[in-house]
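There is one chain below, alone, in structure tokens, taken in the form predicted on its own.
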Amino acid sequence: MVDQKLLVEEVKKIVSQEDVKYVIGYKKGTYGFAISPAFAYSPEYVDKFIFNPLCKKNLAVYPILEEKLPLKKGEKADTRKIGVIVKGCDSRALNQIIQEKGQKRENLVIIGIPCTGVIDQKKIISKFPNVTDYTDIEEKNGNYKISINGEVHNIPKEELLADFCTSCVAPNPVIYDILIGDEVEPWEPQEHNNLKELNEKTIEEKWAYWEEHFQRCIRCYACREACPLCYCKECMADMLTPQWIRRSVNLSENTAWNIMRAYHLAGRCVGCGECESVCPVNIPLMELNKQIENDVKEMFNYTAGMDVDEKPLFGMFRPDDPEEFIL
């Protein structure tokens, strides 16, 4: 567990610096097990900052989202640095964005926190469906200690752990200016849940599987909004000239959208699972992403977001890259 006092002290120092605009972290939500992003523009607000196994949200998405807003007439851009708290997968997302020139490294103050895995909100809400007051959670001896209405529940970690955490390749931040707490011992990444079984299916069976899921898609684009690597100024899904996909909500267009987005993330997805977490109809989007990630690893020996000095996968050429797939 992270020392909350140390976290608050370090973030206060950062937000007090004249060259820092604000720091993005986590605070208690207003309902049940929810956690909210927090923006500290002054040291006083930092007292609300927390970090626990419920802090799943990938905050790497916010520096771009917040700074992309239009300026008021006559207003000049505030070019001070932005501080952001990151776990392992979050730091990989920032690395990838920096590689792609989406952000400049010198414009960020990165506060790294080693991660032992986060809780799947859908799993914990399913287990405790009627909790309305905010509930703090502590990880201890392989269990999550949860106090609800004065009653303490010790739940085995594997029952609530987010599935994508088991396949994490970097629980410790790979890039940071300040590290809060000691690095954790990395675990052996497991194959993503259901992927092996899915790969054993025939082409027809795979199509039937994805057809079942894609026909539920309501094209809310929550996956796009939550993803730290979906930061294009204009998404292809919104283009009208040319129109790549229609606005209709049907199986054909839903399939086009989901496959287009999955391939857009090829060699870029860091496995944070935000897309699947926010999907209101529970489409297993990480199965698509993880399959492509495995293919990229096998063909190019490349893992997204691990090295800020490395060029993006499709932004470099290697003479020994495989060419068997080129017709």
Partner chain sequence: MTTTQPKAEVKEFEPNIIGFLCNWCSYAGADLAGTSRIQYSPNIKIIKVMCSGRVNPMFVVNALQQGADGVLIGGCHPGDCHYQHGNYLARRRIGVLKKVLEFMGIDERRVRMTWVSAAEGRKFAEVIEEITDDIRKLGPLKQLKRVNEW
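Since the structure is predicted, the reported quantities are computational estimates derived from the model, not experimental observations. Numbering follows the first chain given and starts at 1.
Below: the form predicted together with the partner chain, not depicted.
A.B. asks: Is the partner chain in the predicted complex close enough to Ile203, Ala256 and Asp320 that every residue in that trio has a heavy atom within 4.5 angstroms of it?
C.D. replies: Looking in the predicted complex, the three residues Ile203, Ala256 and Asp320 all sit within 4.5 Å of the partner chain (heavy atoms).
A.B. asks: Please determine, with the chain shown alone, which of 97 to 105, 164 to 172, 208 to 216, 180 to 188 has non-hydrogen atoms within 4.5 Å of the partner chain in the predicted complex.
C.D. replies: So the stretch in question is 208 to 216.
A.B. asks: Just to confirm, with a 4.5 Å cut-off on non-hydrogen atoms, which of Asn199, Asn149, Asn154, Thr79 contacts the partner chain in the predicted complex?
C.D. replies: None of the others qualify; the residue that does is Asn199.
A.B. asks: Considering non-hydrogen atoms and a 4.5 Å limit, does the partner chain approach Ile50 in the predicted complex?
C.D. replies: Residue-level check for Ile50: no, no contact with the partner chain.
A.B. asks: With a cut-off of 4.5 Å between heavy atoms, is Ser252 one of the residues that contacts the partner chain in the predicted complex?
C.D. replies: Answer yes; at least one heavy atom of Ser252 falls within 4.5 Å of the partner chain in the predicted complex.
A.B. asks: Would you check, heavy atoms only and a 4.5 Å threshold, whether Ile14 touches the partner chain in the predicted complex?
C.D. replies: No, Ile14 sits far enough from the partner chain in the predicted complex that none of its heavy atoms falls within 4.5 Å.
A.B. asks: Are any of the heavy atoms in Leu288 no more than 4.5 Å from a heavy atom of the partner chain in the predicted complex?
C.D. replies: Although the partner chain is absent here, Leu288 would touch it in the predicted complex, with heavy atoms inside 4.5 Å.
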